[in-house]
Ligand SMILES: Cc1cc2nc3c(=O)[nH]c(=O)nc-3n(C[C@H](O)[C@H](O)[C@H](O)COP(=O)(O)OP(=O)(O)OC[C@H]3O[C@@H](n4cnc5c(N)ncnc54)[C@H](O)[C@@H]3O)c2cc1C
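Just the one chain here, laid out as structure tokens, in the form predicted on its own.
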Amino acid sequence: MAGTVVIGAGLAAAHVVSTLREEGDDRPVTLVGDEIDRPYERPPLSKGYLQGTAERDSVFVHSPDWYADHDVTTRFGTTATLVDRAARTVALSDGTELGYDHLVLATGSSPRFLDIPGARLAGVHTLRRLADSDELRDELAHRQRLVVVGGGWIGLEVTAAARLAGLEVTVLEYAALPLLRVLGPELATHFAELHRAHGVDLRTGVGVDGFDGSAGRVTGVRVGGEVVPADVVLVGVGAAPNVALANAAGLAADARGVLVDAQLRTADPAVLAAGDVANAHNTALGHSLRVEHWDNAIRQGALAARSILGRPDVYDWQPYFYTDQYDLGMEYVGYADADDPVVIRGDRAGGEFVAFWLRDGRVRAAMNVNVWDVNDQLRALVGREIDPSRLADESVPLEEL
């Protein structure tokens, strides 16, 4: 019996194998990952672990002996090189071959590379893996000037960590505001104001022309006719799904990920995709969607396992993500466009509020900022048609909307 092979030993993969075992599947399971580390959670890499407030062992999904104890074969530090769907085999970089009854592609995504002069200088970093966070943490402990290219979630979380560590930080963002494409102008302005209030030199509407260096190490970032001094640089300009293996196997996959249905199955019913690499049909939204966040990896890992087991579950939940920056904590649930009208409930200037994005009077997404224990209530409001004046009225309890 060939069993299940899971390629990509990240968070989604970890929840594929744990759900299979939790739900009684005793068939062979093999977990293949090109990192030497067992599966871990990525949010701490730009938050607590990077800041030094979380121990290294705290990032791992399972204890070191969990896999052996649950009869899961692990092939860490090994790359899957080819999938033969006709033979139902996977070739590995060490020359071995695995057979499968079901194959789960959980290959994740990779940071986008800036193909500009100086991009490979020492001191120019991306942040995706535990080893990246280790390197960046050491840099923040020994450097004084950080330049962050890209004002997305990773870039801003690292910015906050660096400022809390006492570094001078410059953020270079191509758009008019950081997070503009996600949050729209009003809430993007809130995050811009937050970082500027903490001493960040936030520059928007700018492009990076290259990196200057000396003796092989970065010394500055070229922006127009200026060179911004830098002892260390973080490039955070998004991530691309790792679809090469799927493409080589003849599966439908492009820059939006591996195309799968609401049960995470590809056109080949023996092959599924989950996590950052999956462009999956969301039945709650009515269209396909690729989500790179922590919550989605956990849920899709479990869903892929249940699909293998013949369960009727589907991808029917609203996307969720969170961030921690300085004294700001935020949770977001739903899926809205940046130009959707926003209703604010509470005091944005005071830093404690809830935001709702609406279209045609219907709530598409909600975000709680420094207001806690309400996210389940907000999730219940997404998709409902609610009078904006009631959403904004704090005298109306959320559970009565």
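All figures in this text were calculated on a predicted structure; none of them were measured in a lab. From 1 onward, residues are counted along the sequence shown.
There is another form of this protein, the form predicted together with this ligand, and it is not shown here; the text below is about that form.
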Residue-level contact is defined here as any heavy atom of the residue lying within 4.5 Å of this ligand in the model of the complex; does residue 20 satisfy this criterion?
no
Indicate whether this ligand has at least one heavy atom within 4.5 Å of a heavy atom of residue 104 in the model of the complex.
no
Is there any non-hydrogen atom of residue 294 lying within 4.5 Å of this ligand in the model of the complex?
yes
For residue 276, is any heavy atom within 4.5 Å of this ligand in the model of the complex, or not?
yes
Taking this ligand in the model of the complex as the reference, which of 160, 147, 303, 154 has a non-hydrogen atom within 4.5 Å?
154
May I ask you to choose, among 219, 266, 242, 170, the residue with a heavy atom within 4.5 Å of this ligand in the model of the complex?
242
Heavy atoms within 4.5 Å of this ligand in the model of the complex: which stretch among 310-318, 195-203, 223-231, 75-83?
75-83
Enumerate the residues of 10-44 that have a non-hydrogen atom within 4.5 Å of this ligand in the model of the complex, in sequence order, or give none.
10, 11, 12, 13, 32, 33, 34, 35, 42, 43
